[in-house]
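We begin with a single chain expressed as structure tokens, specifically the form predicted on its own.
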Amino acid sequence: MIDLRSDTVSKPSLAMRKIIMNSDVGDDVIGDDPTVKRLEKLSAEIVGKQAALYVPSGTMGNLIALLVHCEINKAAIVGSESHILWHEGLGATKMGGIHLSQIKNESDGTFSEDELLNFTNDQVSLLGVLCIENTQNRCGGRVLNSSYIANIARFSKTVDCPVHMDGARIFNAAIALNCNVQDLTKDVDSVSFCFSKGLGAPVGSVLCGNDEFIRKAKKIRRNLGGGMRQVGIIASAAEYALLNNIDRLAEDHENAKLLAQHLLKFPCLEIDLKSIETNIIYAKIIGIDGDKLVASLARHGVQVSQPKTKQEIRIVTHIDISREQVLEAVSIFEKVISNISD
């Protein structure tokens, strides 16, 4: 099966499994896990922050960030296509009384300055945090560059609120821009990123910020049930991913572009090739039933997802997808589309 539903479906490599088997562990809740300590130190250093906190998921990392920044009954600015809004169960609202105020995401994942200004002029709640996402998942893996992030940070100062970056795929952004990841994180107050997406680890994310922020975050993680015991077993995989799997993300980007170029030949698939900056492809389905296409692809060995509508598919390349599998997937698309069209 060629699984292109998400980069979250990747499996630990043999080398990573050996690291897991030999991992050094301790009780992380009481601060005794040496592997977690090492991972948190490395994570903070890589993104240029004082401290870091290992958490079970990106959703928990973002939730903790909002709860720390907003305390309670404040508003968080989020994008209309943000992961925080669409895919995290509105936890910030349910658990922290935080109002998620939507600002429209443009097609490239940015906010319009006019919309930001209109919001701040009309706001009825105190602002706790402004959230950005990099890469922007629902906008097709689009990348926010350092200049734009610096502008957002300057704007946030005018409304006296910090900036949190949902950087689940921040290393994809850095690779796409050919820059150091700190160029993209230096102007934000906190950043979360995932080990279980493009980096290929089985589980876990990390939240980074200054020492005081992480001190508060650690208490909230415990409140949310995120305190883990001998978690060095999975933290060792995350550490391995951080040390070995960043540069290879370029292969996923190349495979995504290659796949999209081949899929353009099918009239029933509409793809904006210029918008493919990382490892995510969105394709609109025209003239045939989307559900039928997805089901038929799965029967023939290719899995894709439909996160928005039945007439749009998302395709994500990742560490377990080779160039040969990309070309095989193209052949399967051709066969399936031909059968459906006949």
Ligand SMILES: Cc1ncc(COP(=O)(O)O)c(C=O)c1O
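Quick caveat: nothing in here was measured; it's all calculated off a predicted structure. Throughout, we count residues from 1 along the sequence that is shown.
Separately, the form predicted in complex with this ligand exists; it is not shown, and the next lines address it.
Chemist: In the predicted bound form, which of 225-233, 190-198, 107-115, 139-147 comes within 4.5 Å of this ligand (heavy atoms)?
Modeler: Comparing against this ligand in the predicted bound form, the contact stretch is 190-198.
Chemist: Within 4.5 Å, heavy atoms only: does T278 come near this ligand in the predicted bound form?
Modeler: Contact with this ligand, no.
Chemist: Would you classify T317 as touching this ligand in the predicted bound form, given a 4.5 Å non-hydrogen atom cut-off?
Modeler: T317: no, not in contact with this ligand in the predicted bound form.
Chemist: Taking the shortest heavy atom distance, is T59 within 4.5 Å of this ligand in the predicted bound form?
Modeler: It does: once this ligand is placed as it appears in the predicted bound form, T59 has a heavy atom within 4.5 Å of it.
Chemist: Given that this ligand is not shown alongside this chain, does A168 nevertheless sit within 4.5 Å of it in the predicted bound form, heavy atom to heavy atom?
Modeler: Answer yes; at least one heavy atom of A168 falls within 4.5 Å of this ligand in the predicted bound form.
Chemist: Of K216, H83, H99, K186, which residue is found within 4.5 angstroms of this ligand in the predicted bound form when only non-hydrogen atoms are counted?
Modeler: For this set of options, the contacting one is H83.
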